[in-house]
Ligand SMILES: CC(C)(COP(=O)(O)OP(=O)(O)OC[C@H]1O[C@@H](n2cnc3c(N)ncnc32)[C@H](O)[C@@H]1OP(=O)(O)O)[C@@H](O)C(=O)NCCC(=O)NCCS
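Presented as C-alpha cells, the chain that follows is alone, the form predicted on its own.
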Amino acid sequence: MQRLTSRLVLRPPTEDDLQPLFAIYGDPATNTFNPAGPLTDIEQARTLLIRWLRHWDGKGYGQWAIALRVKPQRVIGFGGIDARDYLHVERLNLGYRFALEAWGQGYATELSQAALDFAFVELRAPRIYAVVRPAHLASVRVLEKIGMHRDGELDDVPGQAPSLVFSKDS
C-alpha cells in the first residue's frame, strides 16, 4: 500500500531495500543518538528487514521505505508506525531514520504527519507514541511540530538518561 505526500513516496519495504537499509542504519552519523550504535554487517540489516516484512505480513502496516516523488527509485529513509512492546504494553510507535543527505529538509516532519494521519484515520488508533533520546533535539522538535507532547520517560538504556516518551491522541 503505497502512499504519497507532497514530496515523498511511502511504500512497504521489499527485499530489494536491503542495501539502502544497511547504508542508512549502518551509518554512524544516523546513529548518533542510538545507544545500540550502527548496524555493523549486512546480516543485521537482513534481520531487521525480515522483522519489518513479518510485521507487514501480520499487521498490514509497518515501517515504510521512503523516497522522493521526483526520484522514487532512491530510498532516502525508513519510517512510519509499527507495534512495539514497552512498559509491558504493545503500543503503536512512530519512528524514522533518514540518510544524512535528507536531513534538514523537513522530510521527517512530512513523514511523521503522514504516519499519524494513517494511524488515526485508517488504523483508528486512539493514541500514538514516539520514544526519543533526550539529546536528540531535532527529533524532539519534529514531534512537537506534529502536535505530540511529552508523556513520560522510559528507562530503556542502562546507565544513561531515560528516553523521552511522546504521545498524541486521535
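Computed from a predicted model, the values in this text were never measured in an experiment. Counting begins at 1, following the sequence as shown.
Only in words, not in the display: the form predicted in complex with the named molecule, which the text now covers.
Asker: Is residue 51 part of the interface with the named molecule in the predicted bound form - any heavy atom within 4.5 Å?
Answerer: Close contact is absent here: in the predicted bound form, residue 51 is far from the named molecule, nothing within 4.5 Å, heavy atoms only.
Asker: Heavy atoms within 4.5 Å of the named molecule in the predicted bound form: does residue 134 have any?
Answerer: Result no; residue 134 lies far from the named molecule in the predicted bound form.
Asker: Would residue 129 count as a contact of the named molecule in the predicted bound form, using a 4.5 angstroms cut-off between non-hydrogen atoms?
Answerer: Result no; residue 129 lies far from the named molecule in the predicted bound form.
Asker: Given that the named molecule is not shown alongside this chain, does residue 37 nevertheless sit within 4.5 Å of it in the predicted bound form, heavy atom to heavy atom?
Answerer: Output for residue 37 is no: heavy atoms all beyond 4.5 Å of the named molecule.
Asker: Tell me, which of 108, 116, 67, 45 has a heavy atom within 4.5 angstroms of the named molecule in the predicted bound form?
Answerer: By the 4.5 Å criterion, the partner-contacting residue is 108.
Asker: Could you tell me which of 52 to 60, 120 to 128, 37 to 45, 141 to 149 sits within 4.5 Å of the named molecule in the predicted bound form, going by non-hydrogen atoms?
Answerer: Partner-contacting stretch among the options: 141 to 149.
Asker: Going by the named molecule in the predicted bound form, which residues of 93 to 112 come within 4.5 Å of it through any heavy atom?
Answerer: 96, 97, 98, 102, 103, 104, 105, 106, 107, 108, 109 sit within 4.5 Å of the partner.
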